[in-house]
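The chain that follows stands alone, in the form predicted on its own, written as structure tokens.
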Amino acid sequence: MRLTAAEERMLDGGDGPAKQKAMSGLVQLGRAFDAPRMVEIGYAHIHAGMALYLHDVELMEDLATMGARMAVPSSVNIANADTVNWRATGAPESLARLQQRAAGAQHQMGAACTFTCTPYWAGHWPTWNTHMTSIESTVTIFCNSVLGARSNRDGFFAVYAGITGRYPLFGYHLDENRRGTHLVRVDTPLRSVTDYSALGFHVGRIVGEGVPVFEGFTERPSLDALDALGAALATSGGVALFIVPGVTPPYATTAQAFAGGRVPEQAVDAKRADLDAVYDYFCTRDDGVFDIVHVGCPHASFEEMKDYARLIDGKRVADGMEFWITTSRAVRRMAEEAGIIRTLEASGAKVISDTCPISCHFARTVSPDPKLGVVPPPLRSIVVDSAKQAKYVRDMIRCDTLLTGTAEAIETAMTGRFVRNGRAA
């Protein structure tokens, strides 16, 4: 693997122990994937330091103490607690305090403490052809597919890339991997953002790690719809890039999306029945019993917050209902200034930042330090409007789910009765 003089100096420790550690890790990654060289990156979305994982916060503190500093603009992924309003979620204070320590390390390293899975709604918006890195699959697929940036699905290596400003040249950083592998023909109108989520989950199960190219949308999908589509594709499959000709840079046509190669004659069909099957798959309680209603996966945009307020205005959450809206702290601040939070909280909804149900102390798939006093609540079922959230509620919280549209989820919270997603006549 060829390294520049600057990269050799990092590897030899000339720029300090933190960059040496980071470059050593990236060189190992590059060699594993036969990368010929490094590329300079323009943005990194990095690991938060998760308080539920033993010694994970200390790992970030150690890097900060070693002198690690972000070499490029960097945002921080979702965390295990709302570091300001943790009491609203029932999280133990010890968990929130530990998560706050991670924020201290991030500040020391120069990262923006966004604590979100949608940093683009907080202003981190890499442009076409920007090489970048991301620990969050939703960020990877959105930046690749909507913004035209270049990113792999990275793990902790995103931190090392942020420290060095470098990443090995392989995967979706190469033109030859940024071309369609499957043609998807959408043969039904999509009525809501949740429909896009169901579509993504259906297609992701079929294409695996492929690159689906979509045809048949009756209108240009909104940014929120594209966000939901990508998040679900990355959940049921290993998809890191999808192409919507005319939307995904630089592809104007289906032929271009397949890089001048042959467009597949056999398309993956996506009909209304396929989407309804996803809704049914994630509705696993016949009695309609649930403990929490949740919207905001991925973390809600400002536009979605406006929609929630419009649907909720003047109504009240039903007695005994728990209704969560999750968003980033940046969007929350904008919503506060616009008077949206006042409307939402007047209804009895809880607006949670920094975390979400599958990332907070509800998770049963981790064994936190016993001294934290984390005891996951005995949840029976959660109503959600996202196939991604539904999948991970099943896997991480290990309780039932009821998937429905956003408007129906909000109606569920207001009435206390589960409202199914509307079906075509």
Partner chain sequence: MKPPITGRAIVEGQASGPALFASEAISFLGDVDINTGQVVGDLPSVHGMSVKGTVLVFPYSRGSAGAWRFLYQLFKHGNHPVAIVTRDPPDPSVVQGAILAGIPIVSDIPDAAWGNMQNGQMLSVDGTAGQVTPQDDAPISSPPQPEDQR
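Residue numbers count along the first chain shown, from 1. Since the structure is predicted, the reported quantities are computational estimates derived from the model, not experimental observations.
In what follows, reference is made to the form predicted together with its partner chain, a form of this protein that is not presented.
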Quiz item: Based on heavy atom distances of at most 4.5 Å to its partner chain in the predicted bound form, which listed stretch, 37 to 45, 66 to 74, 372 to 380, 24 to 32, is the contact stretch?
Solution: 24 to 32
Quiz item: Among the candidate residues Thr248, Thr188, Ser137, Thr130, which is the single one with a non-hydrogen atom no more than 4.5 Å from its partner chain in the predicted bound form?
Solution: Ser137
Quiz item: Considering Arg153, Arg178, His182, Arg329, which brings a non-hydrogen atom within 4.5 Å of its partner chain in the predicted bound form?
Solution: Arg153
Exercise. Look up in the predicted bound form whether Ile397 has a non-hydrogen atom within 4.5 angstroms of its partner chain, and give yes or no.
Key: no
Exercise. Classify Asp291 as contacting or not contacting its partner chain in the predicted bound form by the rule of any non-hydrogen atom within 4.5 angstroms, answering yes or no.
Key: no
Quiz prompt | its partner chain contact in the predicted bound form: Tyr160, any heavy atom under 4.5 Å | solution = yes
Exercise. Find out whether any non-hydrogen atom of Glu209 is located within 4.5 angstroms of its partner chain in the predicted bound form, and reply yes or no.
Key: yes
Exercise. Determine the residues of 38 to 53 with a heavy atom within 4.5 Å of its partner chain in the predicted bound form and present them in sequence order; the list may be empty.
Key: His47, Met50, Tyr53
Quiz prompt | Cα-Cα shift for Ala363 and Tyr392, closer or farther in the predicted bound form, minimum 3 Å | solution = farther
Exercise. Since the C-alpha distance between Val384 and Ala363 changes by 3 Å or more in the predicted bound form, give its direction relative to the shown form: closer or farther.
Key: farther
